[in-house]
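Each of the two blocks below gives one form of the same protein chain as structure tokens; they are labelled structure 1 and structure 2.
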Structure 1
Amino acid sequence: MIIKRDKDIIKSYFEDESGLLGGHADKIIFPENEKEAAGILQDAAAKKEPLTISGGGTGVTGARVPFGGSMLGTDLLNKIIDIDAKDLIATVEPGTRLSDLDAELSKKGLMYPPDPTEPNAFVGGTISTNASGAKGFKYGPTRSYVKRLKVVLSGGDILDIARGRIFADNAGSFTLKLKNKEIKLALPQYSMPEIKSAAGYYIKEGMDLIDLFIGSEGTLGLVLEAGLGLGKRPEKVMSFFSFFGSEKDALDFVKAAKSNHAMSLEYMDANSLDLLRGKFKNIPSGTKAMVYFEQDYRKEDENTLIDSWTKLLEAHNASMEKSFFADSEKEREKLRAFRHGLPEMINEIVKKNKLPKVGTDIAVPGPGFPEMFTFYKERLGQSKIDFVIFGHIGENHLHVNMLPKTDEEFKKSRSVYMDFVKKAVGLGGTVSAEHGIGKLKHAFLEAMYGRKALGQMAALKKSLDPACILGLDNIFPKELLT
């Protein structure tokens, strides 16, 4: 193993993409194998020393930012152990980057379907938040593809969990037989929304044990290996960036397009496009919204699909002559640069304003989406705060990014965010659809489930981590563990 203590060397591990400041730790330890990883957790538990698990640093909720104790870096646990092209399973270590996995899979004509947005993310990190990406509209989130997990608990015990083997009993609990003891896990008594969610522990009647660890944000154990379900790489993919002269036309198009079997349906509002014009001059003037979608297909179906999409776009007044289209990897790369240009430009504004953005991760059930969208626009208009709206509209999951310019606007942004949360919860939605809760969204999770549920989450954690060392302050306040 490698141990780093020099603060100047390890300070980059005290941050992620959240902007959360003040992180600190005594050291960061990089295990090189399973035995070392288990020993690190066992030693920290014996000393009751807080231990924060670090992935690739691409998270946006502060989950990997430590406040004392030590860190465990998964950087060296990065092997792609096996790719089984017959049974469509990849077995990987937690430090495997998504980009590296995709490169290997592409050689075999395979893909990892959930395709979380950030290619530099570690697989372990995406499992810890049940991450998803643009293709989630067709393929769903990470949870749907995790077939097996090997997890080490804080006492050093290792669980090898295959999906479909261990389920919660009728009383809503699991009984686990560890090396030297038996523990009973009582599941919290709250109901999750029936949409994709990364808000707190996954709890369902008769649930599979493996799902408890997916989305647990480093609070229950360390993933040592993951067996991931794969899919065949599409024969062909076409991509469209379609511009609309009215917001209503764009939203009506999305509603109609949901039955057209696209892989992704993504949205950008007028403010997003105005921002991007600083870098991409070919965005049509007067555009009020853009919808990006991708369609996988076979060569023989190409003309039929293009005709179908063209008719649908024309029926909703899309600017056909100014839309962007790509049917090759080279052309899609240009569109990806456009799509990923928005977060980059938002980050430039954040640096200029010297205040963090306040970005939502809210999703609601389909019937409530029009009401939620209207509420976004009304409340943002009242606030007078600069904003952009973009994201996974196919799953009724948009990111509202407020860009405060003053301390007063920043405080107001947080208040507006809570208004959004309350509205979404009232519509049966989730406060986090893909990024997790981390250290920044405790209040939102409490608004969703209530204080009692947070206490039940803490009790569940203590059953698996009795020393209370792992991922402190992730998901719920650490004070609930006392």
Structure 2
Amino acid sequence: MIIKRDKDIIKSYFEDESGLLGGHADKIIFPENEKEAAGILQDAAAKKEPLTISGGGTGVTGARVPFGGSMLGTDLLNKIIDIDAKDLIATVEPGTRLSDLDAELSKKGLMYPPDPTEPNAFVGGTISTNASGAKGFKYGPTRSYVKRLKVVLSGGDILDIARGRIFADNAGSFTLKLKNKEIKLALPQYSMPEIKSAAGYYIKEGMDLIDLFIGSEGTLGLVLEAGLGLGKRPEKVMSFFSFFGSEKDALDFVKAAKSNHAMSLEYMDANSLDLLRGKFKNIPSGTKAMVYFEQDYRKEDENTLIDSWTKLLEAHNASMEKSFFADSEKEREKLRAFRHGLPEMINEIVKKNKLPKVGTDIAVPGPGFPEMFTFYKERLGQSKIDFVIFGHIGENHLHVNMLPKTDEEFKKSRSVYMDFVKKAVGLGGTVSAEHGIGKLKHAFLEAMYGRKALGQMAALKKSLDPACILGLDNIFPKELLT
């Protein structure tokens, strides 16, 4: 175990990609094995000392940013324990970087399908936020691939949970038998939307216990080991960035493309492209929107597919010739750098402006999406605040990033954000589809589920973490624990 206290060395752990400032902790402890990890949690619980778990620090909601107590860094718990190519399961420690996992899997012709986009994220972090990425359109979020979890609770007890074994009873509760005690978990009573969501604890009738821990943002326990479902790497993949002269053409194209079995269907608005032009000079001028799509295929289907995409693009006033195209891993890397460049540039601007990130993570059911999109444009136009819109349009999930430059603009953009939240909730949507709530979005979660539900979440947390030490102020305000 390594313990670091020197503030100059550990201060980078007091931040994530949200721009949330003021984080501090006395020390960061890096366990190297299960026994040490359990001991750290047990000790912190005995002393009632807050403990914030850190993954790769790529989160965008301030969830790993500590405000007092200690941190537990998972960086040294980074072994890929096993890759079972027959049963398609990888067993990994939580500090495994997504890029390292992918590198190992690619040697065996395998992949981890949810592919949360940021390669520096750790597996433990992506499980704790139920992350999803560009390929979520075809493969869904992290939750669908977590087959087993080993979790350390705050008293040091370890749960080893295989999916499909432990379900909530008819009264909506779990009874957990630990070493020296039995605990009853009463589940909150809100209904989750029927779309992917990372907003608050996962609660469903008859739910599987494993799902409670996925997306729990470091508040219920430490993810110590995970069994992850894998897929075979596709034989071939083609990727396109297609540019449209009008927003309407792009949106109509997306609507039509949804039935074309793409893996990804992603969108960037004109402001996103203007921002990217600073780095990528070859974006065609006059472009008002870009759609990125990727499709897996077999060699023999190549011509038919190209033909079908060509027709679809032409029908929406875009063309193959003016698209960026990649059909090899090397070429695709360039497109990935382009796509990933946008959130990276936004996060840099946020840090430079020294104001927390104001980026939405709202998704709505398909029928409500056109209304939501129109509402975004109207409110953003009225606000006069700089913004970009991009993201997972295939899942009706766009990130609106407002870029306030002053405290006044910041306040205004939070108020615009709340208007978006109310609209989305009215349309049956979620306030967070993949990033989680962290410390920056309590008010939005409350607007979605109500104050009572937040209180029920706090009560559930207290049953599993009676000392109230883990991930304080994540998901709901810590005051609800008193």
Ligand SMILES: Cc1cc2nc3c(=O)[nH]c(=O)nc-3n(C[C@H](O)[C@H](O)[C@H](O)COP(=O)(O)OP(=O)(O)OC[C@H]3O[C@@H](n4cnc5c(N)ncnc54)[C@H](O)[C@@H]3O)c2cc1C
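Rigid core here is just the name for the largest C-alpha set that superposes within 1.5 Å across the two forms. Numbers given to residues start at 1 and step along the sequence of structure 1. Worth saying up front: this structure is predicted, and the values here are computed from it rather than measured.
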| item | value |
| --- | --- |
| Assignment: the form predicted in complex with the named molecule | 2 |
| Rigid core superposed: residue 135 CA moves 2 Å or more between structure 1 and structure 2 | no |
| Threshold 2 Å Cα movement between structure 1 and structure 2 at residue 144, rigid core reference | no |
| Core-superposed comparison between structure 1 and structure 2, residue 182 Cα displacement 2 Å or beyond | no |
| Core-fitted comparison between structure 1 and structure 2 - CA shift at residue 357, Å | 4.1 |
